[in-house]
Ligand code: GAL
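Just the one chain here, the form predicted on its own, laid out as structure tokens.
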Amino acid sequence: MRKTQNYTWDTLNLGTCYYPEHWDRSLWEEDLKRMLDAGIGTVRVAEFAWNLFEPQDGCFTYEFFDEFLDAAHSLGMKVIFSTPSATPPAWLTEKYPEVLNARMDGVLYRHGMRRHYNYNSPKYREYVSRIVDKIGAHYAAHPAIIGWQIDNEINCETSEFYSDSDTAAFRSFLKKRYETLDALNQAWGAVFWNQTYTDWEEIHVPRTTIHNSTNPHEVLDYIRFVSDSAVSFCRMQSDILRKYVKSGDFITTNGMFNWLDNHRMTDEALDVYTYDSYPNFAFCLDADPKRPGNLNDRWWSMNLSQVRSICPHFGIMEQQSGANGWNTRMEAPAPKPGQLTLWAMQSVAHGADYVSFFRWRTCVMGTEIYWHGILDYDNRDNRKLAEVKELSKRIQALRPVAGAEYKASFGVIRDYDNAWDSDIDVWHRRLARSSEDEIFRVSQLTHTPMDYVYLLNDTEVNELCRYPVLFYPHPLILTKERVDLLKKYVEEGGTLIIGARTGQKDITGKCVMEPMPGLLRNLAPGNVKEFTFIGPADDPQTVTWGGETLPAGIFCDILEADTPDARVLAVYDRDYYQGSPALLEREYGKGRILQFGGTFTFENVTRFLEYTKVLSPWSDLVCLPEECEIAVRARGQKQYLFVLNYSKAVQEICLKKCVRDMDTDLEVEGSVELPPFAVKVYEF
């Protein structure tokens, strides 16, 4: 069982990211007053300000932020203070180039961008520890400070690290994991292509090869190492801060990025988790917002659902407020009127109790001159500021929502081993991403809210039993511990749905020499006789299920029943395996397992949800079009219905029961029109 969340906000509130070092001191007081007038009560500062604390090696100054913190406190503004390790100063990288990260070919990333350091440099850890200790000792007692952010966006920009320090740390990681070279060679299948190691010094982080194709079992361990390094770096800073942080103040960091076990990082180092939400990426010029089936900014609800699995009551440290873009990449349009509010309420609907806008004012210098804030360069009041003010009034009315639980109808199981394996195995990736996208689309468009459920080392069966139905789409990697947990879930009455390729690999990423679904065979109703991708020259494969023809997806496991109680629910319709089982069901204990040989599509997922009786759970309360998302948060006897219109057109919903409009405090029933990008919240 994961630890209880250490910090929660007792009420919904708004913040913004502010950079006092970017602006003349004469603007500070005016800016803070304008923020407070707009309903913004918290600012985050200092994540890129190392030189203001240590302009030269060993020379520490505190006056700049002393002055800012005093100004904030005098006006009643709360502050989240950050450690500055995301951007080491030039004097440090020049004096100690070993602190720099490197490309796979060994070329160092030089000063001039951000996140150009590596987590494993002993020298960088020494200097980071020192600066964190200094600012913690000096600032933590300040009454304006309510929380601390560690670094900024850990594993953002890159999650790959190839410095000499990383190679040394990788060897230590592997020695601890395998103890002997024989064990490592066995786990990595090193006999293939003569990759056997005879000395630890022969092992490096992955290096440049032909086609950059490297040993997949080595790379899977390398990804685990990257995550371990990032967690250790975060925990190092957290441990230092805890010597100084006031009672009631929190420690966080802002994510969520690749090759990082965010659950472990939160459990080991943080009090609460925060996320940076930028739905406007969906409308960047290099995106295709008109692609059929594209949910555009609604895809961020998928990200928010994953954040909720890490921390049920999270914060948003950076919420989209303006157009995003750098001078080198990421061109995007300005949010349309209403979208700033829509995206902030999207975060609240999914569990955010704190929303901080990035940023207060658009920067006039540097790489992010096109990453727009609430205010533009001219510093005048504008429609975005007016929208923030109106949102602040709405947030006051929504204060009871803080701490309420998101209500999901079903869950999708994930684990880091399979997520990381799909990053390096293109066969796995094609299945996993296709199926997860389709499951999410069904959840959104049929108004069947879902959760992500991560299988962790300490996950207990009661955490799974919250969900009557769980999809585990394509877990190629299985472990005995996870299989035992799934077996208990089914025995207790749960419905488990698995897809193609289940059980193909062991924890090292090697294929097992037994029929799939591998370790799940004692629970599953069948085994896999053979399998195939649906090739580009093939007609799409379909299955017949209860007289209905449904797509089988992009891959087909041809199944055969293994147990006398196995029921064939669907068969393939064409090709050489026509008539072979495509879907088997078996009752086990109080529950059941459905083994599907295909990948998940919109049509077949809808059928699965209908068959398991979890489809559209709020249909007796509200009828709404596909253009709207539904979310429900609940606490005690009170439930809060969010309806979000992502369309640029008016949408009509029908409330089938009398509910209270939390904006107007009026009872409402029947037809309601939602203007473009509008959000309504009802208590019932």
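Please read these numbers as outputs of a predicted model, since none were measured by experiment. The first residue of the sequence shown is number 1, and the count goes up from there.
What comes next is about the form predicted in complex with beta-D-galactopyranose, which does not appear here.
- Stretch 367 to 375 is the answer when you ask which of 367 to 375, 594 to 602, 303 to 311, 437 to 445 has residues with heavy atoms within 4.5 Å of beta-D-galactopyranose in the model of the complex.
- For the candidate spot formed by 235, 253 and 274, no residue has a non-hydrogen atom within 4.5 angstroms of beta-D-galactopyranose in the model of the complex.
- For residue 152, a non-hydrogen atom is located within 4.5 Å of beta-D-galactopyranose in the model of the complex, even though that partner is not displayed.
- Taking the partner from the other structure, beta-D-galactopyranose in the model of the complex has a heavy atom within 4.5 Å of a heavy atom of residue 114.
- Though the partner is left out of this view, residue 533 does not reach within 4.5 Å of beta-D-galactopyranose in the model of the complex, counting heavy atoms only.
- For the chain shown alone, residue 48 is a contact residue for beta-D-galactopyranose in the model of the complex, at least one non-hydrogen atom being within 4.5 angstroms.
- Residue 358 is the only one of 358, 124, 472, 489 with a heavy atom lying within 4.5 Å of beta-D-galactopyranose in the model of the complex.
- The contact residue chosen from 326, 192, 200, 427 relative to beta-D-galactopyranose in the model of the complex is 326, the criterion being a non-hydrogen atom within 4.5 angstroms.
- Residue 318 is the sole member of 309 to 325 found to place a heavy atom within 4.5 Å of beta-D-galactopyranose in the model of the complex.
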